[in-house]
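Presented as structure tokens, the chain that follows is alone, the form predicted on its own.
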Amino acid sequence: MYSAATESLIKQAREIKEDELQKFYGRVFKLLHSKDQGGDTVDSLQRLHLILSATKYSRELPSDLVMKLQTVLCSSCPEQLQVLSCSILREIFLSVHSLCSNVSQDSRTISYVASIALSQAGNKEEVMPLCHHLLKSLESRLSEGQMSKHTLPILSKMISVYPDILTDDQVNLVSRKMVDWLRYASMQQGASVSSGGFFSGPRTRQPAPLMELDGVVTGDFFTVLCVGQSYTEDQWMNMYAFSMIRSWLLTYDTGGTSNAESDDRSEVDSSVMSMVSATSSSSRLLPPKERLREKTFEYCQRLIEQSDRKALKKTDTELQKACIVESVSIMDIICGEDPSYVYRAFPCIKALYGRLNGDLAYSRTLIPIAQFYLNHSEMAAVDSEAVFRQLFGHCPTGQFNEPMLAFEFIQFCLLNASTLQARVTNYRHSFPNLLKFLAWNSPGLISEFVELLPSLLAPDTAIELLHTILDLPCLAAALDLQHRSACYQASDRTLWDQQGVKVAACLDAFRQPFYRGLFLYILRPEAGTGDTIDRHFIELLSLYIIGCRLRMLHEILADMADSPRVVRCAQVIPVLLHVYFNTVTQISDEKLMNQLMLVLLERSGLLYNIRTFHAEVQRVFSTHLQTLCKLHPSLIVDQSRELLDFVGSPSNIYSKEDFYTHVVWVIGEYLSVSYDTRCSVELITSFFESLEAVLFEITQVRQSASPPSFSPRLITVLMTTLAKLATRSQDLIPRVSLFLSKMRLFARSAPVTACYSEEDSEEIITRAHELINLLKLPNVAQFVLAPSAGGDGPRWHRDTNTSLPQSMRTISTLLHRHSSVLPT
């Protein structure tokens, strides 16, 4: 993490002895008192900061040194010494109240003091003197450089930490000042000083008018989108005020309008009031909070109008986008506090959306516009379907590789998940597009998607969502190919070949029309559309063809399996699967559960070939298969044909042993008439014969047989399941007993002993012996191997018919435990 030299310095700073440290403190104190505070002073302060910050334990400085550092901080010494003094004081405990009580008018010093105070203050009383000082500086008219460009940022940070630090009068004071800065800043550029020549002194140029971003002279009031060579103090305050107005409104404008009857206004009254408040004369009569709201609204409208101008510089275009995002968000807050503004805002917002919705470069601006529609479209009776179709349909498709857009988009979905589910029809069908963000930005968005995924799950799309999650690494590979294909033309083979032989082959396949349907499916924008492998073909073709098409896709993308993006994407799939199954099992839909069982059996072997990916997914499948069958035991009978096909194929053992073992276990556990009355003797016999054939095949002892490649656990689970099924159809007991008696020969054979440990072989023999002894007493075996469905919640304390085993066990325990006190 650090270089060897850096590690050595940190170690020295941590291990410095106390006597050396005290001598060093004295040397620093002397250097700070000297008139020549040059390089030695700077080096010593840097070393002192390293000593204090290198350990997690707080060190105490001598009080005289602390006072001297505070003096340096508040003096007019070089800025480098002030910065180092500030950094050192932040590392120690000191009296914040006393530090804040003696603050100079210098804005730079105030900034340093504020950073110390806000990092160490334990409550608002400690920073109250600094707050009062800041408010006084806002009221007074100080000279250029003293006032107060730095005041608002400090005040903004302070109220974010202590929202209740300002009284109502102080809130009104700041609100009035912010109105003046936002609306009445000067319209001329700041005076600039230039040299008039080698022999002449400096001369002051005449102030020039401000310009719009397209080069036109500004004709309206000043905003952050007005440009000039230099700015006046009130113009700087205008910019600072706009930067903090959003947090200010959220903190101090939550009470709505001051008119107590405002909640009872009708829509007509609201529109009339909005027209009245639009006039300048009426706005001056409003209370400070409402007047700030009015002027802020006008400011945002002006910014939106300015954003339509063609900027001369690319950086100014980015500034326009940022101002659109901030303006629409502020207007949303204002409309939430005073609904009368909704009718004034919507024409502006609708025009803005109409101008931006076709331009992918402005995708980030659509998020606050969508938030505005989501919050206020019902009140204004405005149709918002087109906005959300554009947002969920086109933004992720064209901008999946923009990390900031991805984060803001998912945050928008998280913030409004319940509303989107209730009011936006295409929200739950948009998961193929939303998952593109995760496929491209897997490590950065996994925690957000863990929270978001349950809101995307609905009964009609649950199965397709599961397929999409499992195919997420394929989606990452396809997006990578799509991105590369857009960057490199097919005719430029040199650039293609520079990507590597494997990637170039995948790019060729991506461009071929024959595979177009597969890539259209993986890259589809919403659920239930496109050439879907699992929805369209499940109605037309067999499951075999579906598997072939998936395997074809995996073969096409095989060379991308080692891509870092694909590997990182595969690592998040198990986490998403746990969230998915924990959510879907709460849905009481038998049809869905049956489909889910089929998908587990089908997809356990149809996975993208990435290192460890198969094993991790099958482990998740195994865990949730047990939960699924426990909640819905009838699935074993409903899907008996598919389960018979699955467990009857020994090849499944070698490719997915863990999942196969769990399938065998749930068959033995839940294939019982106590769980489903449809469970017939014929069905039990069918499963018994299928499992018997598999166990016979894998345990045959031949001289030329290779060592078994499966675990002893599989053998014991198969034996136990056969014994369970035999107790439910007792005609099968002689067959299974005969089979189990041969297991000693298998366990002692040369290939097995060469592969299994002595403990493993002994476990197989012991299990077989225990099962044989149990099956000699069929009624006892049925009780032990096949407990009733109510075994998880026994009623031994109520039901006398089932109390005997528990009573016997309890008495036996008591007799053994208290044998010393029993009479002889």
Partner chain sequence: MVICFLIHTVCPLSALSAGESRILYSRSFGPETGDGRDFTSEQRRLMQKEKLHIVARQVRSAVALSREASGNPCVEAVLGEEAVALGEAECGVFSLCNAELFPDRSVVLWLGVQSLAFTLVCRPHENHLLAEGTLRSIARHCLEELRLLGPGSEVLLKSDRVDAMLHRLLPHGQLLFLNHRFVFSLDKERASYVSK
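For clarity, every value in this text was computed on a predicted model and none was experimentally measured. Numbering follows the first chain given and starts at 1.
Just so you know, the form predicted together with its partner chain exists too; it's not on screen, but the next bit is about it.
Visitor: Can you tell me whether G228 touches its partner chain? I mean in the model of the complex, with a 4.5 angstroms heavy atom cut-off.
Guide: Yes, G228 sits close enough to its partner chain in the model of the complex that at least one of its heavy atoms falls within 4.5 Å.
Visitor: State yes or no: in the model of the complex, is some non-hydrogen atom of Y515 no more than 4.5 angstroms from a non-hydrogen atom of its partner chain?
Guide: Y515: no contact with its partner chain in the model of the complex.
Visitor: Using a 4.5 angstroms cut-off on non-hydrogen atoms, would K68 count as touching its partner chain in the model of the complex?
Guide: Judged by the heavy-atom cut-off of 4.5 Å, K68 is well away from its partner chain in the model of the complex.
Visitor: Taking its partner chain as it sits in the model of the complex, is A114 in contact with it (heavy atom to heavy atom, 4.5 Å or less)?
Guide: Close contact exists here: in the model of the complex, A114 approaches its partner chain to within 4.5 Å, heavy atoms only.
Visitor: Run the contact test on L52, P153 and L415 with a 4.5 Å heavy atom cut-off to its partner chain in the model of the complex and return yes or no.
Guide: Affirmative, all three are within 4.5 Å.
Visitor: Which one, 747-755, 651-659, 575-583, 217-225, holds residues whose non-hydrogen atoms are within 4.5 Å of its partner chain in the model of the complex?
Guide: The contacting stretch is 217-225.
Visitor: Only one of S384, S640, Q120, T716 comes within 4.5 Å of its partner chain in the model of the complex by heavy atoms, so just point that one out.
Guide: The option sitting close enough to the partner is Q120.
Visitor: In the model of the complex, which of the listed residues (G528, G398, P78, P209) lies with a heavy atom within 4.5 Å of its partner chain?
Guide: The option sitting close enough to the partner is P78.
Visitor: Could you list the residues in 320-335 that come within 4.5 Å of its partner chain in the model of the complex, counting only heavy atoms and keeping sequence order?
Guide: Heavy-atom contacts within 4.5 Å come from K321, A322, C323, V325, E326.
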